[in-house]
Ligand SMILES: Cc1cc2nc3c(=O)[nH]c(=O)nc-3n(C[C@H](O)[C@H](O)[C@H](O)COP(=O)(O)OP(=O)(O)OC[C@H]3O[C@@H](n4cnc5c(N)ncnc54)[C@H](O)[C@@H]3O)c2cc1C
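The data below hold one chain only, encoded as structure tokens and taken in the form predicted alone.
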Amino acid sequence: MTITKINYFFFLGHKWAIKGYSWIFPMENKILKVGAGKTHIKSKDQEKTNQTTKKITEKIIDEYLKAKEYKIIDKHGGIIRYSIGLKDKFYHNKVVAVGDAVSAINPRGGEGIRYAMQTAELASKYICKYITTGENNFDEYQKKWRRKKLLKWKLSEYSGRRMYSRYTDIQVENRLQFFHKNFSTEDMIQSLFNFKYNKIFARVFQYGFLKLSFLFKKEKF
């Protein structure tokens, strides 16, 4: 399935993505960024496919964009190692870790730039204190980051595991159709990248309550 936000395109399902999602972002005039991200969470059918993020990206260019004449001006990518539950070491032997090194990456959306900058800003306060006073309080840096982010990260981890590793294409399609009917594209983007689940939680709870109420009435009568 394709989700469109203005000129941004997100792809889910095995045709356009493998255990993750793919995208098309506009950059400059006549320049597009096309890419794919894949999780490495083990699942029952993950080893059965020979698809790679490169092949998926090429497929989007060939079959979705139908581009015949184009020039690739840049290629980049790599592997991000993520610690479930933010259990990385934040400080060791006067080395302070920030960004990817402490899993400051959205587990479901894969974005990390903003969170890397946030960890650096937080760590800088303890670094400055250490330089000026000699006080080593980097354990508090880790505790403060975890207090602020851990719940959101755990919800995102859980959601990502279900969406990318457990759902079939039909299940993905059904859930996205539900979200399209009940939420705006902006709500979905806010959920994916900014951990803003309030509207979605409220609507899902309301839907579940109404369904239970209907079942109860049906059983009663």
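Residue numbers run from 1 along the displayed sequence. Bear in mind the structure is a predicted one, so any value in this text is a computation, not a measurement.
There is another form of the same protein, the form predicted in complex with this ligand; it is not shown, and what comes next is about it.
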Check your understanding: Quick one: of L122, L86, V96, A116, which gets a non-hydrogen atom within 4.5 angstroms of this ligand in the model of the complex?
Key -> A116
Practice item. Using a 4.5 Å heavy atom cut-off, indicate which stretch of 97-105, 67-75, 134-142, 147-155 touches this ligand in the model of the complex. Key: 97-105
Review point. Heavy atom to heavy atom, is I80 within 4.5 Å of this ligand in the model of the complex?
Key: yes
